[in-house]
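There is one chain below, alone, in structure tokens, taken in the form predicted on its own.
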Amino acid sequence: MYKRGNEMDTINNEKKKVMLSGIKPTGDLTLGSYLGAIKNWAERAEQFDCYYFMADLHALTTRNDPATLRRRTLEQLAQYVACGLDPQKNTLFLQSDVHEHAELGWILNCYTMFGELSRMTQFKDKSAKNAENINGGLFTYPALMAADILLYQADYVPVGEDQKQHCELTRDIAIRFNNLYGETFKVPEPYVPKVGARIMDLLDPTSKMSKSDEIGNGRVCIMDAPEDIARKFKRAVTDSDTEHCVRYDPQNKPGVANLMSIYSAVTGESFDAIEREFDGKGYGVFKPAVGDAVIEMLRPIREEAGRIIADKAYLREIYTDGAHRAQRIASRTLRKVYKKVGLVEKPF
């Protein structure tokens, strides 16, 4: 059974810097996600008070099959726990379970300028990809993202290149609000995480492996069956030269370099050691070996995630307790904001 942390855990967490990250449940977690980021997250709990939420409200900016969105939200939570995010050391919850996100999101909409939202490059990119569904939520979701962060008085927000602009906007909104009403929000800092392996698509090694890849033949997902993983690696792009040697040369042999990066991240071997191990053996030996190494690394994660998903009561305990813990902090911030902007104090 899952047990809540005791009061001493809460006291200790309050002394730590706060880190927050939201994950949109709109695709399957990939090998790239795990090796590039998630693998390093477990150790953050020793240094930070970490909040991780499934950003299901953000997912509504695109059209989803309702049953699929619910399934993916819970499966993604289970996968994060299986990857090492201990729910007793990290606050794990569903965004929609903490209503303060939506409430503060609306208030911050009123303190975010139209011009600022118009300059968001992600809005432009997503609008181009979803021309038939350019909705208001797609335009204003950076204000909800700011609410996600500012509710918990986060010190740090892990950001990739595509999220830096949103973090800057969050800082601008917090500073603007603080200047108008006095110190209310902590102004967060972007956190450049420990860089894991940069994993590229198996069929297009010039593109990052992505969970949004609709076809999926170039990506490996955490929950893929072993036979599917083996098949994908056997079909992975290498290069067109005639020597067929395993050599790390990202410029001229990006496919081979990507496979070597994966094998190195999984086994811990250096590129030099990998070159020696497969010297003279060719791609027909190398590609299946990479696939086998990935299969064995993912096997315990896949099995644990499957166990958690099947145990609906345990999974519900995790996100229910996480929501309670998150809401204690979020409601405190929202009450302060209500008072600052002139709203009548909530009667309950």
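Start at 1 and count along the sequence shown; that's the residue number. None of these values were measured; they are calculated from a predicted model.
The next section is about a form of this same protein that is not shown, the form predicted together with tryptophan.
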| query | finding |
| --- | --- |
| Partner contact for residue 44 in the predicted complex: tryptophan, 4.5 angstroms, heavy atom | no |
| Partner proximity in the predicted complex: residue 217 to tryptophan, non-hydrogen atom cutoff 4.5 Å | no |
| Interface membership of residue 327, tryptophan in the predicted complex, 4.5 Å heavy atom rule | no |
| Distance check, residue 185 to tryptophan in the predicted complex, heavy atom within 4.5 Å | no |
| Check all three, 203, 235 and 286, heavy atom within 4.5 Å of tryptophan in the predicted complex | no |
| Sole residue of 157, 256, 98, 77 within 4.5 Å of tryptophan in the predicted complex, by heavy atom | 157 |
| Contact residue in the predicted complex, from 246, 104, 92, 149 (heavy atom within 4.5 Å of tryptophan) | 149 |
| Region of this chain that lies against tryptophan in the predicted complex, out of 175 to 183, 149 to 157, 224 to 232, 265 to 273 [heavy atom, 4.5 Å] | 149 to 157 |
| Tryptophan in the predicted complex - contacting residues of 34 to 59, heavy atom within 4.5 Å | 53, 55, 58 |
